[in-house]
Structure formats: structure tokens, C-alpha cells
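Take a look at this single chain, the form predicted on its own, given in C-alpha cells.
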């Protein structure tokens, strides 16, 4: 991989950028066990946004991998997974936020989390915080108990250099983070790398 083309997202931060139809986005875990929250919007109408509910409904399963499309709230394919070296990602849990850290962890001075990082990164594109959906959480490992429905957040299965590759099915605005939740990242905060090709 051409390292000069790889961009790095610092731990506990996020970015936003455009992706043209047909371009590929590679999300890389450079050191292992680090989640990246990904959201996508139709660049020409940001009311159209990636949808966990529609994607999982149409896939009839919660774990998505190579070949799977990611649908919008209008049932159009925004992204398609074309390569995946991990095979376990989450599309159920919302981006972590200051409220996450307050409610789940009891933090009295909470970090703004992926939600806050996405909100800041997407603001220049005119996307308001209330328009941020459930993210596709690259590398996040959320096992489900099939009998009770209970879920747990376990360490990611990703190792250094693992990646997931998406192709854009339309012109997009992408938000991408290096996740800020200790539990999601096996207790430490690490960077995320990404590359846009095509």
C-alpha cells in the first residue's frame, strides 16, 4: 500500500471528507484493537444518510462483511463493502458521546466522544448534530446472546494492518473517527488510518 496516500486520524478525534462515486475508501487499524465510527451522507442531499435499520433489515443479519451493501434511509446503496480482513463490525450501537461516558461510565467531566468529534467535523458541510445516525462501527466487536438479546462490547478482533474497504455508490460526505470509548478499544486509545483511491 502506498503509505504516502494514507491519512492518520489521531486517537479520540475525527475527520470528514468527500468521496466521489466509484472511489474506494480503505479504513485501516494500524496498531490493532481500535474502532472507527463511519457515517455517510448523500453529498447532493444530506437528508439522505446511512441507515443501520434498513441495512440490517435487508441483510437479515447484524454482522456485515465483503459484498454487503450499506443502505440509506431512502433504501439506496451508499457504500458497498468490497474487502474485509476482519469480518466483525458493529452496526447497532450509536457513536459514543459525552452522555455515553456520563451514563455508562459515570464520568463527571466526560470527553465529547465520537459523536462530538463527528459533529465538529461535519459542521462545515452543514450537517447538524441531530442528523448524525447510528454509525457503521468498523472493527467493533459486539457479540449478541441469541436467547436473551443481551449484548456485550468485547475487544476488536482486528490486528495491526487489518482493513475494510468500501466503494462509494454515489457522491458522499464521510465522517470517520478513531473511537474514544475505552471499552470498545480494549482499554487504550489508538489512531485509525484511511486511504481514498480512484
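This one's a predicted model, so the numbers in the text were calculated from it and none came from an experiment. Numbering follows the first chain given and starts at 1.
What comes next is about the form predicted together with a further copy of the same chain, which does not appear here.
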Hey, in the model of the complex, is residue 134 touching a further copy of the same chain, heavy atoms inside 4.5 Å?
yes
Contact with a further copy of the same chain in the model of the complex for residue 85, defined as at least one heavy atom pair within 4.5 Å: yes or no?
no
With the partner left out here, check for me: in the model of the complex, does some heavy atom of residue 104 sit within 4.5 Å of a further copy of the same chain?
yes
Contact test in the model of the complex: residue 117 vs a further copy of the same chain, heavy atoms, 4.5 Å:
no
Which of 167-175, 28-36, 154-162, 138-146 lies within 4.5 Å of a further copy of the same chain in the model of the complex, heavy atoms considered? The stretch 138-146
Is every one of 47, 53 and 94 in contact with a further copy of the same chain in the model of the complex, taking contact as a heavy atom within 4.5 Å?
yes
For the stretch 61-87, I need every residue with any heavy atom inside 4.5 Å of a further copy of the same chain in the model of the complex, listed N to C.
61, 62, 63, 71, 73, 74, 75
